[in-house]
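Just one chain is shown here, as C-alpha cells, and it is the form predicted alone.
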C-alpha cells in the first residue's frame, strides 16, 4: 500500500488558511489543516471584529472564526489538531513532522500567524479583548472620548499611540526605559505631547491591570522606583510580535530579521512548493481582511504549482469566487 500524500497541507487554521482551504477544496485539491491551538487563531479570541467587510454592526471574533471553519469544512477541508515540529523538502514531496509522525504533501501553506509579545502581568490575559488590546486599528474606535494607557517605546508603540489620539481624550504612554522610535516618529510624537494629548512616562514598568466589576479601572506601575497608577478605560500593549516560525529551523525557508517568512509576489517562499500567507508573512498588514485575501491568493498559486507538477493529474482551472 502506497504512503498517503496530500495535495496540500496547511499549517495553522486561522482566517488565512481557512480562506485558502475554501478555494482549494472547491476544486477537489485534497487539503488538511493542522492547528496547535484555537481554530480561527487570534481572530477567534477577539471580543469583537468591527472592521471586517460585510458586517456593518461588527461580528464576534469567535463567530467569524466559526463561519470560516464551517465553510471550509463544507467543501471538504479536513481540520486536525496537532503541532508541526519541522518541515523538510524531499524534491517534489514535503514531509512535515506533526506530533512525532511524518505527514507528506505535494505543497504546503504556512499560515501560523504571529502572536503579540505579552507583558506577563496580572490581568493581561484575563481581560484580553475586554480592556486589554494589541491592535489599535482593530479596537481603537471603541475608545472614542475615553482615556487610554499605551505600553511600549518602539516604532509600533509610538505609531499606534499617535493613531489612537484620533479617538481618545488623553493617552498615558508608559515606556520601560527610553523612547526607541525613529527620530521622525519622536518628532511627530512631540507634537502630540505639546498639545497635551499624550503624556510620556519614562522608566515606567506596568505591574498589574485592574478591572473592577467588569469595568476597566487602572494600570498600576513602578515609575522611577516608586509605585504609581494610571486611571484609564483601556490599555493597548505594543511590545513587539513573535512570529510562529520556530518549527522552520533547517527547512530552508528564508526569514527576515524579525523571523517573518519572506515570499515572492505569488506568496511562495524560498523553498519551491512551500507558500506562506497572513500574519506570519513578511510585509503582512496584520489585519483579518488582508489575511483572508492572502489565503485566496495562496490557493491560486498552489493550484498553479500543482498543475505544473508532471505527476499531478490536471484539474479544471480554479474559478474566480466573487
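Being a predicted model, the structure only gives us computed values, none of them experimental. Residue numbers count along the first chain shown, from 1.
Although not depicted, the form predicted together with another copy of the chain is the subject of the following passage.
- Of the residues given (71, 117, 215, 86), 71 alone sits with a heavy atom within 4.5 Å of another copy of the chain in the model of the complex.
- Using a 4.5 angstroms threshold between heavy atoms, residue 296 counts as touching another copy of the chain in the model of the complex.
- Proximity of residue 142 to another copy of the chain in the model of the complex falls within the 4.5 Å heavy atom cutoff.
- Not displayed here, another copy of the chain is approached by residue 26 to within 4.5 Å at the level of heavy atoms in the model of the complex.
- When contacts are judged by a 4.5 Å heavy atom cut-off, residue 45 does not count as touching another copy of the chain in the model of the complex.
- Look at 89-97, 217-225, 163-171, 122-130: in the model of the complex, residues with non-hydrogen atoms within 4.5 angstroms of another copy of the chain sit in 163-171.
- Highlighted residues 3, 255 and 271: none comes within 4.5 Å of another copy of the chain in the model of the complex, counting any heavy atom.
- In the model of the complex, 50, 51, 52, 53, 54, 55, 56, 57, 58, 64, 67, 68 are the residues of 49-69 with at least one heavy atom within 4.5 Å of another copy of the chain, listed from first to last.
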